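Just so you know, structure 1 and structure 2 below are the same protein chain in two forms, each on its own as structure tokens.
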Structure 1
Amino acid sequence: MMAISTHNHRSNPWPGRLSALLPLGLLVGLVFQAPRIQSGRPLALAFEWVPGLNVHFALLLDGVGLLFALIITAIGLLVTIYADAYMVGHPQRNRFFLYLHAFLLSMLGLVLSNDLILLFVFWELTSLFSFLLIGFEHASAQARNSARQALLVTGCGGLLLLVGFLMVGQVTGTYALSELPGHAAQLHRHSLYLSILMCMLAGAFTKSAQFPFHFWLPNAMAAPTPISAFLHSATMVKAGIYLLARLHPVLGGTPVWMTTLVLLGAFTALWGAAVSIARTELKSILAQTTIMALGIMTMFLGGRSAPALTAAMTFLLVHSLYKSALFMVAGAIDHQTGTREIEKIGGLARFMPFTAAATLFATLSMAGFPLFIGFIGKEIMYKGALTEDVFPGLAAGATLVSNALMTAVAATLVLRPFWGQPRKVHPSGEAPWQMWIGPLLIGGTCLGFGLIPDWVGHWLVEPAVRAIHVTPVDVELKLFYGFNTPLLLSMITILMGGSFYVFRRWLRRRLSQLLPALPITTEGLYEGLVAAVISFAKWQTRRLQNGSLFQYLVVIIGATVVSVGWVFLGSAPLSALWNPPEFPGWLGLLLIAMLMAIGIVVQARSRVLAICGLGVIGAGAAILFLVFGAPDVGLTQILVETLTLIIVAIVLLRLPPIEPQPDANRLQHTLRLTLSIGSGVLVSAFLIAVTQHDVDRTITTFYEQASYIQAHGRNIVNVILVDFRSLDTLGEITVVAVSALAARALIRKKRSAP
């Protein structure tokens, strides 16, 4: 019986529900490790995996790992709860939870790996599960294409990353992440540094959707919303950020690192922020702001000052919180109203109070209002931007503008949909509790963390920053640092954001005119590249594998003749090859007869004539064998010729006459002639060159000596066949038997056919 079952539409919800225990357990376990990590004693675990390749299954839980792991498990837990309601009635809901938690584990593995290769393994696994989850609604062509696009873009980066890792291993002799900072100076000086850096950045930038690889992320919104909340805002896209943070003490701090990260990060941030203004669909807006946030983090990781890294880590936490909450809200709205277009919804607060509250908290954090963790994040950001080594002004400017735009977006997200006039679409009431409890909890956390910034700084941010900063630092997060430039900038941000919000319609109009007018987009480039490769592949395959046996043979024979001939010409003194042959006249006659026969077969229009020619050739060869002391071979040759003739008489005459064949064109004819003459000449010359030396007859001499004494036979050839080299003969008769079986099967089938 086929074990492959058909799908069950009323699948049992309990496997999915119980799977929530996994992130819960992990979260609790991690929380208990926090004091240890805070006190600077990382938790390590290592097994040998492939010691031959110096690859270990080594895990390390340190500050930065813990920060990520807590985000992963906490949000993973809430998303699992959320998805229980979101995926209700979906025929593949259990598969969904399977993928979700497989992803969760891979992501955890990624941030806990202490071995580059192990990290890569998890890295690719997250790409793979992301692929499966983006394409989860696989009936939609858009989902399928987005999944493929995401996999190819991140896969390409992944492969480059692997190359980078291997080069690091080659230079330093270790894959252990915890040992790499010790090799930093060596790496910085190495001639491969730039290549390594480029490979690593390619991996990080593709995964974290940095310009110019950012386009896959908005498309990945084809995934179910819990996935967008989890993978494509809070965790997987942060893997690139994680990698940059991890590698900061190893590869960071050089001018090229700083310049690349700051410039690309700033550009990505501005780009994402600007595009998000132009969007009206909830998930699309959130995806664009995610790109912006990832850009900001990259930009800060470009710095090497403690404030810059603190900003990166703090903002990572801040963003993960509010963005996952907002995605879940977007899903809840979609779930209740059937649309995610913000222009179609309004006044939802009265129907969905809990969702509204969650949204309010999350957006306030996003906008950076005081008392929310987002505010603290923003303060640190300005401080970090101003301490960048390269382009501090640009960094500060980019931060300012994108923050302001984000404030506007935050307002857009919460004000009109929840508190504006009710629109055409009315929700059917508050979402199921599973769908608002998560966002509300996260929203509450945004507020709560904002009230106890010291605690957050002490337990979460400081250990993380310490892990990635070259020298130990103290991190202090405060609600109020005093009147200084960052505070001023924060104020300006809110003011600018407010004005952006007021002018949002105008901005959106202008941007939506501007964006499609761009001559090229990187997504267009990607699509063009894929299409070009495919059409090149098709063209090439049509040329090479075009079905013409003639062409195949020409290429194969041509390649062989050219390569062998080229080496041959370079090795043999051609003039020495020719010594006028001496041979008896009768032999000359025989050879002339054979040559004529060759000519006849080649030119023959009639099958019978050709067969006669072949007979002459075969008989000529037999005579040669007989004359030159090979009676067995000669006899066999004659008998084989006879049998061939008999079979030919039976088979060949059932085939049609050989049509006189006009060569299709002159080129083909020239090729035929050239190749046949070339190969003939080559074989002749080669044989002559080889026969210049006497053959080493050591082995034959042994046969001659042993043939009678040891093998009891006087016919040495026969003794070779049945004793010295009997294994050859065994194979040979097998060939004969198999040939008969195969031929017989061919013939028999015909007889049984009607």
Structure 2
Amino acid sequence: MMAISTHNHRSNPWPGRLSALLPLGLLVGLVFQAPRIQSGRPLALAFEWVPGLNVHFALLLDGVGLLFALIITAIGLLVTIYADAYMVGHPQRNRFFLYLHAFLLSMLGLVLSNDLILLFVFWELTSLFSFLLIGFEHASAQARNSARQALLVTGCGGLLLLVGFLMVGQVTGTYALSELPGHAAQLHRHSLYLSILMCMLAGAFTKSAQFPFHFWLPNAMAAPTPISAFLHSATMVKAGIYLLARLHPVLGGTPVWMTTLVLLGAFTALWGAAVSIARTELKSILAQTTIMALGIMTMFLGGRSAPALTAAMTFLLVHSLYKSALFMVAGAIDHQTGTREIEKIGGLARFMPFTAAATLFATLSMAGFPLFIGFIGKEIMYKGALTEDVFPGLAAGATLVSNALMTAVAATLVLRPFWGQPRKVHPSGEAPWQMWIGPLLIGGTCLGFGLIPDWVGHWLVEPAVRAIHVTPVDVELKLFYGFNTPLLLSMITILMGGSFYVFRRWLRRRLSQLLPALPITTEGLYEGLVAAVISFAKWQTRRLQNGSLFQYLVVIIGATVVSVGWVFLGSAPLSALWNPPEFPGWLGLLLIAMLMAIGIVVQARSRVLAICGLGVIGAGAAILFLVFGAPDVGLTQILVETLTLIIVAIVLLRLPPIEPQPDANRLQHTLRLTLSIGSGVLVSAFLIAVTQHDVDRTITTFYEQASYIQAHGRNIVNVILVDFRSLDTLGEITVVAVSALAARALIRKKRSAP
């Protein structure tokens, strides 16, 4: 696989470098707010956005929001520096940084939103910009398909999430996240609780790649490596985890919440860990281990004890650190060697010493070795698993096996590529400093945080846990808790991981045989569903959009008559409709004359007679306007009708005589007659129903009062068209002008044709 830097296109490097100031400034600002948040004083900002719908542009920075925001901005800063070298020479380099930081701001908006509807807006923005970033190399069919798959899966989950948010607002009367914990008991007792929970979990599970929606994440590795390091390790895939954490004090604690999250989280973790052993491509391995980590976090958020939630927040930080570093390392290896296949590389440490050091630190934290923050996170995980309210044995077993497999994967990532036997593929040297400084800093942070766990717990983890736990808790992270069950399980993890590493080739062969043999996969179901939708769309297009104007009108009018008429007649009895208003005798004669003219138009065998019938209908409509107080509309009707008749006469009189309809068209004739009568009856019924009630003159009164005062016009119709509906009128004029230009172009082309 060729590295991106092989492009020869020259681009200005400064936009990318200057864009690093955005995450840097945000990071510094968040750091200065940390003391306030740790002391229990959240920072809030709110103003009205859509007051009619009770929607506010409300932001809240509390413990959990601060933890996520620090991860987003810190990793975003290092990824920006990394991408400055990785994307050198790419012709769309500036567009890349625009998408990257638009996504960063969307993620920040998501984790800082204090209004459910605002959160949904940012939720969808992250889906949109992730689509653009995953499909950044749009010339690649794989990138386009992966981007579309990610958008469809997360987009469908987002729609269900919106439904859940609206139901929460209906039940509680508020969309403010900070107010929802006070309505937790009300939500738990409500009949809509299960529906709300399923919608929320659908949104969270699709975003965070939980089973059965896990398949889109490995395919999203078609994105450039900086995107994988940012979106798929530290930010977007954590959005679902953030949502579960934020909703934990609102919807959590019930048996269905705990059972669903523990079971699906444990299965997702085991699946991702097992599949990662079967992969040999660096980004594919890291993608599967990300699925494992997301499953573990989901499983712990299913609990309600302080250790379980502490484990979730601690592992969130641990995973974001080592995984972002390893993704950037994978890109550096690809950049220097042209491949990400582990079997093709070896002995890279002497060529890429800084990258090797970064990889060593990150993998040691991933494996949970002592002195690293990953070791502390692992012990907290075992303590949290043993305190789960449901299936504690399953949670502990899934954590043990998953961590052991991660230990084997960590050894695979660092030993063979960097200290194994050299292979045919040799790097050209160490990667540019921008590509190793970030992983090295993160790797050093993994070690540094492991040496000062009390500081990490005090400033980062404890405020986050307090924000999502129903009661205040004190979080204490230690490098050594003493000889206890979590320490024993940590030791067993290292031993099991070493065994898995020794037998990794055997495991890889067995899993490589097993996975393709599965009869049904969720990705296969997705592909089948997409194919079915496309097939149905093609069939529907052939049936409904076949170029026949008659069929278009039949479908539109028929659907309107049936759907609207069914509802209307079902809600209004016929006896209530048969009370038409009184009208003078001359009006009845006029209506009879117009009906006779309609019959003449329909049955005429002479085009001249049909034109005369149309003239009578138009003149009758103009008389109605004139009599009932709309002389300007009546005059317009007469002018338009006259012009139309002239044009229609010129066209129709040049056509051949009307031929009698063959028997084959009798059905169409009957269908036309039925639809015409049905639509006429429906409109008449509507008009009669309207006359049974007093007309609401609110809008009329407004225009009567505002037309002269605000628009300085006495003709209300003209004022509406020119002032109150000026943009709409301009749009209509534009459409007419464009149509006229198109017609002129077609006429000129016809005349110039040989």
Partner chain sequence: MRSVILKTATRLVSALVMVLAVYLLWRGHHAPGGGFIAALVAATGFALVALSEGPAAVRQGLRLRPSHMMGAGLGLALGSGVIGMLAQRPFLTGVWWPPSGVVVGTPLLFDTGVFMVVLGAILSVLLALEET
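Residue 1 is the first residue of structure 1, and the numbers go on in sequence order from there. Everything numeric in this text was worked out from a predicted model, so none of it was measured. Between two forms, the rigid core is defined as the largest C-alpha subset superposing within 1.5 Å.
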Looking at both, which one would you say is the form predicted together with its partner chain? 1
Please check if Gln637 moves between structures 1 and 2, taking a CA shift of 2 Å or more relative to the superposed core as movement. yes
Examine Met594 after superposing the rigid core and state whether its CA is displaced by 2 Å or more between structures 1 and 2. yes
Taking the rigid core as reference, does Trp539 move its C-alpha 2 Å or further between structures 1 and 2? yes
